[in-house]
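Shown below, as structure tokens, is a lone chain in the form predicted on its own; questions about how it binds or moves come after it.
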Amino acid sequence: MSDPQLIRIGARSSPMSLAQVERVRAELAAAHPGIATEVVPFTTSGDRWSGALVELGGKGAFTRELDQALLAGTIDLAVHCVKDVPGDRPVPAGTVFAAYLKRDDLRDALVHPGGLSLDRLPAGSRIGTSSVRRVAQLAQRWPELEPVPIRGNANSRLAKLDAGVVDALLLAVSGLERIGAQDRITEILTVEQMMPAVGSGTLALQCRSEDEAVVEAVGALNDAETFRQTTAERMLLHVLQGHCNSPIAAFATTEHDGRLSLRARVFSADGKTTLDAHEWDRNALALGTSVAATLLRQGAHEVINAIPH
């Protein structure tokens, strides 16, 4: 099958999203030198909205416009952070994730102007984050700190920190690296200190299912192990049916013998309840299903459904 001559790439118009698109363009150019690419930026409803995401229907607020443009034929490829893609329902009919790029750092980072770690922050310090996953884990390990809701892209959050709106920020290591702000990182948290979100550090490339030439061209960028890991994580989230207010954390890794390891936790909003599961399997779908089933037996549905959404 011949390569398409032009691939129109849709992405959110934030500096981080555009940096992610440049990575995709570079990898496409390396794999297919004859393909031209064009960037089509979008400002999604999630980007425009300053309130709680649940009022817009959750994480789909960051992907809805791109889904519509893809199905309408306005763009040929959409670039998403996997952690922003709803996991309680499949991708829209007629579309497919043709590739997951090699995973970046999946950990969270603290940004504090004074260079302090979370353990050294004074009681009452205001920690900027709108992630229910981070808020629950802060409440569990650092109850003396005060989470403060903060929205906007990473650049605007850093500007709010510099303006004194909050005392510190929790942000993704990969996001800070993508915008060239890794020098702002004060502390990189271990996955035990702050378990990552499903899909952390992974970029997904979504195409129209029927567009075989684009699917094939983009498929060349797929990283097999990232695909397996992310598939296990997203299957877990699908079986749990977590909503955008569900503090669910999970990450998969590949063992030396080829098996996948999947560790997952479900938290109550206040961090006082934690359900934990950790299993291994060679089959990503089976592993995600099994770990979710273990959490459901522990009462995950009750914990999830007790949180308003």
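Please read these numbers as outputs of a predicted model, since none were measured by experiment. The numbering used is simple: start at 1 and walk along the sequence shown.
Omitted from view is the form predicted together with a small molecule, to which the following refers.
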Counting only non-hydrogen atoms, choose the one of 182-190, 76-84, 214-222, 140-148 that falls within 4.5 Å of the small molecule in the predicted bound form.
76-84
In the predicted bound form, the residue from Ala300, Met16, Ala11, Val24 with a non-hydrogen atom within 4.5 Å of the small molecule is Met16
Tell me, which of His112, Arg228, Arg178, Arg208 has a heavy atom within 4.5 angstroms of the small molecule in the predicted bound form?
Arg178
Hey, in the predicted bound form, is Leu171 touching the small molecule, heavy atoms inside 4.5 Å?
yes
Does Gly201 reach the small molecule in the predicted bound form if we count a contact as any heavy atom within 4.5 Å?
yes
